[in-house]
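Read the single chain below, which is given as structure tokens and is the form predicted alone.
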């Protein structure tokens, strides 16, 4: 019966090995070498000799033997196969207590995951190609006359700023302002008004890329830099060479990466992951944030030296509530755009609808105004937008931001488990935004990231 089970597992590319209390090989499943070729003799029977991927993780293995953890997993482990290619595996070590109450054998289950890993790599590559396509489209659209609407003093100041600094391609620009104030639009205006307008404009949101991927996305990597790096790839810095790299939400850049990015800003030189070759690019850097970077520095969430380096050409974009004279100009602009897109003959905004727009505080700023006008154009029945077509959020009736109430855990739930649940709950409520989750929990960003790693939280 056991032979039949092992055969079925092998068909699914799953095999196992059993190790004694002193980590010596006790047993291999019958079809082990068919799934994973392995060099072995009478001497190399120790776990770390047969599977050196566990070297450096001795404390985790000791914790398994002690029963302090149930399982330890290594994913995307690459090994040469008989065809000279790389096959990928997942290694799962299981605590002896999960196997037998009497024996102290450690079970290693290995599953080949080459198909899944290669598919994941292809998906990542396709995402990267889409990003490059978006960059190309942005480049092609520069001649469409991207500009910011308005006649107020604040808008005039923004236009003057763009005009003055656009030609200084080597200078770093820092854009600050609330969400929705048009930081990406101003970044494009700077690029389009520069002498490098025909060069690439590459935009990336630092908050949208996981911490363990953002370094390779920005700086690129060489083949073999990590387990699934099957081919070399340029980073965004190289893709934007000669043009502009716009780093939105720069405050979300991990602390560990900030030092490397600062070094690049100082020298314009960098190395891809897994490479010793120093590369040079002439990329203009425009950074943007909706956070107060000085407060982030005080909270040890942002490097002071990087803040000083970014704080060369600094521009604060005003919230829409400070641009009351321009709200109707922007509304008319969006109305004309969406009327054309939706093939509707809307010509104006009714006086009562205008008063409604002017009385609102616009917490979502220009982005919210654009969305409100888009909806109004869709639902307008006549050639004019009426007040009832303007749907606004009544923020006075909104509930305050959710907070996580502390509760006493039940008898069967440890404080360790409770803390892990609270972190998962915070990440769920903030859709994975670690900065907001840290704020909800009253922790620093570094502390939250430490605990995410400590509890092996995957989100």
Partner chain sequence: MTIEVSKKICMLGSFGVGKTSLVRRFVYNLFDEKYLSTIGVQVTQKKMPPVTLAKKSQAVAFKFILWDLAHIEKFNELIRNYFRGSNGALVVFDLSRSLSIQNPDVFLKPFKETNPDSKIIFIANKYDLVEAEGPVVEEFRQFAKSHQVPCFMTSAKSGDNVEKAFNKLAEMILEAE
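Everything numeric in this text was worked out from a predicted model, so none of it was measured. Here, rigid core means the biggest group of C-alpha atoms that superpose within 1.5 Å across both forms. Positions refer to the first chain, counted from 1.
There is also a form predicted in complex with the partner chain; it is not shown, and the following applies to it.
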query	finding
In the predicted bound form, the one of 386, 332, 368, 120 near the partner chain [non-hydrogen atom within 4.5 angstroms]	120
Selected contact from 45, 430, 57, 27, since only one has a non-hydrogen atom within 4.5 angstroms of the partner chain in the predicted bound form	57
4.5 Å heavy atom contact, residue 124 and the partner chain in the predicted bound form	yes
Proximity of residue 163 to the partner chain in the predicted bound form, heavy atoms at 4.5 Å	no
Contact label in the predicted bound form: residue 129 to the partner chain, heavy atom within 4.5 Å	yes
Any non-hydrogen atom of residue 75 within 4.5 angstroms of the partner chain in the predicted bound form	yes
Segment that reaches the partner chain in the predicted bound form - one of 369-377, 260-268, 279-287, 67-75, heavy atoms within 4.5 Å	67-75
Contacts with the partner chain in the predicted bound form, stretch 192-206 (heavy atom within 4.5 Å)	198
Residue 270: Cα shift of 2 Å or greater between this form and the one not shown (core-aligned)	no
Residue 77 C-alpha relocation of at least 2 Å between this form and the one not shown, rigid core basis	yes
Residue 290 C-alpha moves between this form and the one not shown by 2 Å or more, core aligned	no
Pairwise C-alpha change, residue 258 versus residue 75, in the predicted bound form against this form - closer or farther, 3 angstroms or more	farther
